[in-house]
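A single chain comes next, written as structure tokens; it is the form predicted alone.
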């Protein structure tokens, strides 16, 4: 329990340091966050009043500590661009990001486990080539470049999938099939590279299980090979659970970039627009949300590792003394 609290405390410190660094970098950018410098109609009194409303008249560190104290109470401030509470703006963009991220994680695990199983059972097959060559190559490519290539091939050349946005302009409301078509391309761009470590890990784990002493003994006693394979596959799936928590930070990074490429109306695209507009409260609020998701994903990975592998729990000090 103490180890979990220590990890949670270090995660909170990490989030605060990330937000502080972003705050200082944004403050160093020249320009007027409110865009008042180009408006000759505003008087000095109006400018001072607007700066007072948004807290821009306060010292630098006082504004940061004020942001942290309000964020702990659930108040992320008012967006300078949308003139609405940051929490509401982020909430509207959160579900498209969760839809894309969870779909990508599902694709990554589905492809990774199936390809890893086929590669372990047939080392010289096409599946093994994909696990050891194709998927690592996709994982090594930058997400924005892979997204642009996917748009060029499947949208421009083949014309089989839409290139951007979440739904077609001629549809009013949410149409499941139209949503699925728009989701497919960005989901594959994030999910297929994410399947590379899962497939390699599962193939290695399954090979080790198939050649373990209990399986060899059962094979020597004449147990059916199909039953042995199913039993080994189930045993090899247990370590994959630990990759679920690690997949969250990796997926968040890929989704943020891919959303910009595909104009997907999620947190990533919202952050890009907020950066261009120098909307400091929205940038900090979105970064706080992303950093928290990454820290929680790492903590979940540690907890899952401790639950699946007692050796990890003992070595990390999470076991009961």
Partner chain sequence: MRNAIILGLLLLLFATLGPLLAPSSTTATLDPVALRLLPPGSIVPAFTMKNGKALPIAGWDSVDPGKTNHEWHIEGKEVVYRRGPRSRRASLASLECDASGQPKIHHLHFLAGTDRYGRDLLSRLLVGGRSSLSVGLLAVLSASLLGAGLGIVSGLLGRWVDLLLSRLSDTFLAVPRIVLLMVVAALFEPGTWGLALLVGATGWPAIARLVRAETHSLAGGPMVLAARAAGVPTWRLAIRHILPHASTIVLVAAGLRLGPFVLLEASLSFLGFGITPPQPSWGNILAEGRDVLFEAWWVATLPGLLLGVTVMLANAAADRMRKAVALKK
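Positions refer to the first chain, counted from 1. Between two forms, the rigid core is defined as the largest C-alpha subset superposing within 1.5 Å. Just so it is clear, the model here is predicted, and its values are computed rather than measured.
Omitted here: the form predicted in complex with the partner chain. The next part is about that form.
In the model of the complex, the partner chain sits beyond 4.5 Å of every heavy atom of residue 47. Using a 4.5 angstroms limit between non-hydrogen atoms, residue 241 is distant from the partner chain in the model of the complex. Remark: residue 253 counts among the residues lining the partner chain in the model of the complex, judged by a heavy atom distance of 4.5 Å or less. Contact between residue 98 and the partner chain in the model of the complex is not found at the 4.5 Å heavy atom cutoff. This chain appears without its partner; in the model of the complex, the one residue of 137, 223, 110, 126 with a heavy atom within 4.5 Å of the partner chain is 137. Of the candidate stretches 213-221, 118-126, 143-151, 232-240, only 143-151 has residues whose heavy atoms lie within 4.5 Å of the partner chain in the model of the complex. Residues 87, 106 and 192 are none of them found to lie within 4.5 Å of the partner chain in the model of the complex, as judged by heavy atom distances. Core-superposed comparison between this form and the one not shown: the Cα of residue 277 travels less than 2 Å.
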